[in-house]
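Only one chain is included here, represented as structure tokens and corresponding to the form predicted on its own.
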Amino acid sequence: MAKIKIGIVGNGGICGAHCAGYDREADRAEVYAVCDINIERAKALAKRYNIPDERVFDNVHDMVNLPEIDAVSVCTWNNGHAECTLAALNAGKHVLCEKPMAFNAKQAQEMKDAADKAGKLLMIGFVRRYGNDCKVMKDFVNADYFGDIYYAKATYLRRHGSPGGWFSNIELSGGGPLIDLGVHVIDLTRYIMGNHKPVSVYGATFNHLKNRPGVSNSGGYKSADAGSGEIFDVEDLATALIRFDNGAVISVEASFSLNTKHDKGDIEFFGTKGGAKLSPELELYSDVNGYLTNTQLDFPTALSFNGLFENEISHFLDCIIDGVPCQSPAEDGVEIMKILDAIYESARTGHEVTID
């Protein structure tokens, strides 16, 4: 079988995670062409894969015109997701687009429509769906352990964790921790609960601590473009209540900067039969024989984050080669963008926003 030839547009930090996935799938795929607005960065990645100069680009439209390319990974800043995805789809390529799908729901719908018209796969990089914690939770959901999950709390809080660079520039990112971190836990929580349709949100955003200027760097992930004197015009904290058509509600909190003791990434689920907490270990809460019970699963590696992107890339190739149904399709990306749009609009107006 001929290998799937991959073009990667956007050769910064997240590109490395995609490359690791393609490296593990070297028998089925190869990184064939690279593209970045910083041509030197593209050349550095090309050197790693022995890609000749004629397959190194600083313009996505030129790269996707290569007839040999089968699929494209879109790993750009958020403001490039729609343009690069549309260019690839219109050129007849399959696409794996990083989250968030786009700047807004309108762009996301245009991307989905283009994929439908081209008859090509548009998969969204909701990488948390490919974690072992998600798989285990879905096993319990499918076994009806929780009954009806009617409420959940999704948090992704950093005390001092702005990546800087383009992440804190709204013209490039579209927002702050909500669109960067919150999107992960909103999508994972909604997916585990059954992908119900969102109908309304009430949200608030804040910009008080910003990126904590003058406070020493706490480490953690930093943008490849982070530097001194950079813009910070996004929110530093976002919170929201999201209501779904089945009556369920998700409470969300996401921050880059917050006066709290520790960073936190917990997701809690509350059902009619039982509950759970991902932290990232999985604890289960229920009652047995008339007594309240707490259970922690007894396998230390089952809930690790190892292999997330590799699993995602492997699934992307399964979809292309074998026609496997996509686990994170474009329509889910559109719904998440509707939620994000509504939260930002609610924060702006101070009122609840309904979602069509």
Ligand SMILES: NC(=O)c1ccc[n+]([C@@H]2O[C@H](COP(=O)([O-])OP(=O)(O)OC[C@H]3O[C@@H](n4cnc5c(N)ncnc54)[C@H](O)[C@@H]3O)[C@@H](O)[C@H]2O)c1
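Throughout, we count residues from 1 along the sequence that is shown. Note that the structure is a prediction, hence the values are computed from the model and not measured.
Below, we refer to the form predicted together with the named molecule, which is not included among the displayed structures.
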> Among 159 to 167, 265 to 273, 236 to 244, 107 to 115, which stretch has residues whose heavy atoms lie within 4.5 Å of the named molecule in the predicted complex?
Replying inline: 159 to 167
> Asp225 near the named molecule in the predicted complex, any heavy atom under 4.5 Å?
Replying inline: yes
>> Quick check on Cys35: any heavy atom within 4.5 Å of the named molecule in the predicted complex?
In response: yes
> Is there a heavy atom of Gly21 no more than 4.5 Å from a heavy atom of the named molecule in the predicted complex?
Replying inline: no
> Any chance Gly203 has a heavy atom within 4.5 Å of the named molecule in the predicted complex?
Replying inline: no
> Since exactly one of Tyr285, Tyr145, Tyr150, Tyr221 fits, which has a heavy atom within 4.5 Å of the named molecule in the predicted complex?
Replying inline: Tyr221
> If you check Cys84, Leu278, Ile186, Val72 against the named molecule in the predicted complex, which one has a heavy atom within 4.5 Å?
Replying inline: Cys84
> Listed by sequence position, which residues of 66 to 93 have a non-hydrogen atom within 4.5 angstroms of the named molecule in the predicted complex?
Replying inline: Cys75, Thr76, Trp77, Asn78, Gly80, His81, Cys84
